[in-house]
Structures are given as C-alpha cells and as structure tokens.
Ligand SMILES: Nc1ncnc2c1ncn2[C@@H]1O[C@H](COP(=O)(O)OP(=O)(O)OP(=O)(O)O)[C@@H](O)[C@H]1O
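Below you will find one chain, with nothing else, as structure tokens; this is the form predicted on its own, and questions on how it binds or moves follow later.
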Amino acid sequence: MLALTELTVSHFRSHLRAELHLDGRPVAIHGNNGAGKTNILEAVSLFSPGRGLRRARAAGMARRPENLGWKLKGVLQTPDQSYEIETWSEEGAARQVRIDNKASNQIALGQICRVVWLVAGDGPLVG
C-alpha cells in the first residue's frame, strides 16, 4: 500500500503554507466553499507524473498576488521504502522534481506512484 504521510505546501494556490502529518489511514477533507480543499487534493496529485488533477500549467498554481512560485514536499511510504519528494516551480518555470534530495524527473515519480484521478464537474469524484 502507498501512503502520503507528510505534506508541506508553500505558496500553492490559496495556501501560503500548510503542513499535514498523516498516518496512512483514509482522510476526509471538509470545509466551506473556497477554503482550499481541492487545492490540497491538487497538491497531492502532483506527487505523481503529469499536470495534476486540474491539468494546470505550473505557472497557474502559484499563490496570488505574490506569484513567487510554489513548492510541495512530502513523504511517500510504500511497504518497502520511504521516499522524500519535492516538486516546485519558480516564477512560472517548468515543474522540477527531487526525490530523496536528488534531482529527478516525473518519469521517476511514475515508478514510485501510479495514480488514476477520476474527476466529475468541478472536483474529484470520491467513492
């Protein structure tokens, strides 16, 4: 089983900074409209290859009005290993990836984490 056990979000969409410490159990995210729930799900989706569940360009994910760029850090835990993942974009540049403090690419993310997102309407389909 694959689990995201830590997530740090910096200057990503509506979040200036957020930290989540998780234990591998399922998580329910709830809150008012506009609170940033879907932004957290989008951040999680960027720990797999591609442009995330919203298919947005890296430049569009930066928190406004600063538009400095954004950074996500997390720990992905598999039954056999733990991976420290960082992904970020600086001032609208292409998304960068680092795995266990080594420069990497999205193909390497796919070898660790394969995710299929089913979305309906404005947000993800949860079943």
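The model shown is predicted, which means the values in this text are computed figures rather than measured ones. From 1 onward, residues are counted along the sequence shown.
Not pictured, yet referred to below: the form predicted in complex with the named molecule.
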Task: One stretch from 96-104, 30-38, 78-86, 44-52 that, in the predicted complex, holds residues within 4.5 Å of the named molecule by heavy atom - done: 30-38
Open item on the list: I'd like to know if residue 60 sits close to the named molecule in the predicted complex, meaning any non-hydrogen atom pair within 4.5 angstroms.
Closed with: yes
- [ ] Flag residue 14 as yes or no: does it have a non-hydrogen atom within 4.5 angstroms of any non-hydrogen atom of the named molecule in the predicted complex?
- [x] yes
